[in-house]
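Okay, here we've got a single chain as structure tokens, the form predicted alone, with questions on binding and movement later.
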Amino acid sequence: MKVYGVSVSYYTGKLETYLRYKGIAYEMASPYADAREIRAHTGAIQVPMVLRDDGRWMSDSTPIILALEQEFPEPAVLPQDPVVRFVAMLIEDYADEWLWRAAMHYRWSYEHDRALLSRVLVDEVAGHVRAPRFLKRRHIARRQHRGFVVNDGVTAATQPHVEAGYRAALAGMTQMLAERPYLLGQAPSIADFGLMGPMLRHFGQDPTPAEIMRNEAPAVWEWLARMWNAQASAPPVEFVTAVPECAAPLLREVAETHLEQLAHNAAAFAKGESHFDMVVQGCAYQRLPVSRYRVYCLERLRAAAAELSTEQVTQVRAHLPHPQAEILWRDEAPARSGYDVAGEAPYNKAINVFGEGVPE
């Protein structure tokens, strides 16, 4: 398969880690020179996108992985126990949709990181643009900072909380990795692959957050290399059979941040609003853009929760006693996205999540 992606991309790194682990052959290609043709097939230029050898196109890293699990079931990345599996999917969604803000902040707010990544992106995705290199670098840096930092609620007032969220993720992961090589067992689960999105290509490579990881969370730094080097083992893969107590700090962080944001976003979407305000862990965020895709994310989590038995729901709720988690169990959905109603993902037309044709 051909993977259209970027070497410093959040979700490209997540998918590449999965493909490497499974031993699925792929080749990389840049999407931006052929953006018009690719958009016609996928609906939006959001890396990674995959062109199968039979001509089918795939987009959106999580549905891509779940679809490939059906074709390449061994070794599994979805834990066998339904409760553990639900928690793994919840952590994966948090990694995709909450840690994004901190990842983009570190990349585009700090001068050294911004200078390095603007060079990489200009050389990798803007070679076809006829303009001096320094102007392209300046344009990309300004566009990324405005679109993914300023417009996503990162201000002088919220920056300390955004950065504390990164450290909370490191601390939660460190506690879980103290007992096993991967978060939920002796092999990587969907939770590990989800966290490779922010941890590999952003936090683990961008200078400022990478230094924090090396110095404050060396177990996560070690896990990062272990994940990139992981190779499929003979089945059966051993995952934990119950959610470990050491997961409690990370799950608290997931509930208080990610689920809080999903609830506010969905409520604003239901009202037809374009922006919303929210308070997370005492920090006030203002004018965050409403995301239809994140309404879809909440729908997927609620659908997964609905598949659990009454006893299993009780077990999950014991690990998520936080009020923010109630959004997963409420009888009425706060909003309906109207996206992928036919359940065709990842072979459907995608919607723009963060912006029109913008590299990460």
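Bear in mind that the values here come from a model prediction, so they are computed numbers and not experimental data. Residue positions are given as counts along the sequence shown, with the first one as 1.
Beyond the structure shown, there is the form predicted together with a small molecule, which is absent from this document and is the topic of what follows.
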Quiz item: If contact means any heavy atom within 4.5 Å, which of 164-172, 186-194, 77-85, 143-151 contacts the small molecule in the predicted bound form?
Solution: 143-151
Self-check item: Contact residue in the predicted bound form, chosen from Tyr285, Phe269, Trp100, Trp221 - any heavy atom within 4.5 Å of the small molecule
Solution: Trp100
Quiz item: Just one of Leu308, Ile45, Leu66, Leu328 has a heavy atom within 4.5 Å of the small molecule in the predicted bound form. Which one?
Solution: Ile45
Practice problem: Please check if Tyr10 has a heavy atom lying within 4.5 Å of any heavy atom of the small molecule in the predicted bound form. | Solution: yes
Quiz item: Is Tyr293 a contact residue for the small molecule in the predicted bound form, using a 4.5 Å heavy atom cut-off?
Solution: yes
Quiz item: Using heavy atoms and a 4.5 Å limit, would one call Val3 a contact residue for the small molecule in the predicted bound form?
Solution: no
